[in-house]
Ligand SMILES: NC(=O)c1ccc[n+]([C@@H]2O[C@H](COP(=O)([O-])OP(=O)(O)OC[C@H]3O[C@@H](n4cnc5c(N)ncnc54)[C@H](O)[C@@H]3O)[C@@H](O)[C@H]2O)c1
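Only one chain is given next, in structure tokens, and it is the form predicted on its own.
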């Protein structure tokens, strides 16, 4: 196990063990971050969430080396009086809690706004009042649409990176009209970013803001009815995974022409660990965390996933592997979309020396191998389970 004695930060200073209050520890990102912290650092985690399914393997501590370094607290931050006390107990708070599923943005806009802005206000307040450092997870969606998307389709300027590369300290945040409630998420996330930044400027809050660009990997979202609720529509990778597992065509919303950059969760967690352990370099900064080299259209992603899954599963691809659906049919009224999301990596590379490593093919292979195994095990259990009739 790693010890404080043999760990140093980027400037060569010894890293002292700290206590981390992690809000949303039971989710996709939280589960991977908990694993990283427990297996490679001496830090202690106060894990807060409503569910702990994705970190159960970390909580059976009797036979594990970190048996005294993680405590799970089942709570909902919007109505639990224990929150401030837990933040006070920690040196650092990491806020991962959010509604962050695109299908919810225009069908549950009030829940989306409350979850991503209103419910985060006490977290920021308690960190400021108790002089606690905060790492807050935002989203690449705060950028909205690129400047390039407003240019004529045949304009040569569309090829100029200045019109679509997204920079933390320079790119504008361009959202659609109010009736396009899909932007409720991005707007709420932008406003909490502005509030955190203002708390830093006016009241001395030590903060770091993370803008994830499509982090994917094992345990992302859910396989409906298998490892999560059966209702709802997950994000694109899980949607495509579910279709592949069930041998159904992959649904391409509006032709799958939107472009996205995908990064492997384990690469992204390396970046977060650097933020945790290098506060002098991370405080006061907003960081894009993504992989600009893994940019594809959603249609290209579907084609690649179909090929990777055939290799992983040994099953032939469907004769008709994809079908086109409208955004209105798939997401409902009020949906809108951004065209491209390519992160500029200058600031995080300068401050933390971090760059992503994993190719899109490799991260899809890892993720789909996990999904295929999980689904096969669940089906086997379901077949073996005696009928209740």
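Remember, predicted model here, so these are calculated numbers, not experimental data. Positions refer to the first chain, counted from 1.
Keep in mind that the form predicted together with the ligand is missing from the display, and what follows is about it.
Residue contact check for residue 215: one or more of its heavy atoms lie within 4.5 Å of the ligand in the predicted complex. Taking the partner from the other structure, the ligand in the predicted complex has no heavy atom within 4.5 Å of any heavy atom of residue 143. The closest non-hydrogen atom of residue 171 lies beyond 4.5 Å of the ligand in the predicted complex. In the predicted complex, the ligand sits within 4.5 Å of a heavy atom of residue 137. Per the 4.5 Å heavy atom criterion, the ligand in the predicted complex is contacted by stretch 46-54, the sole one of 342-350, 357-365, 46-54, 33-41. For the options 276, 113, 220, 209, the one in contact with the ligand in the predicted complex, meaning a heavy atom within 4.5 Å, is 220.
Checking 264, 287, 309, 185 for any heavy atom within 4.5 Å of the ligand in the predicted complex turns up a single hit: 185. Taking the ligand as positioned in the predicted complex, the residues of 67-83 that bring a heavy atom within 4.5 Å of it are, in sequence order, 75, 76, 77, 78.
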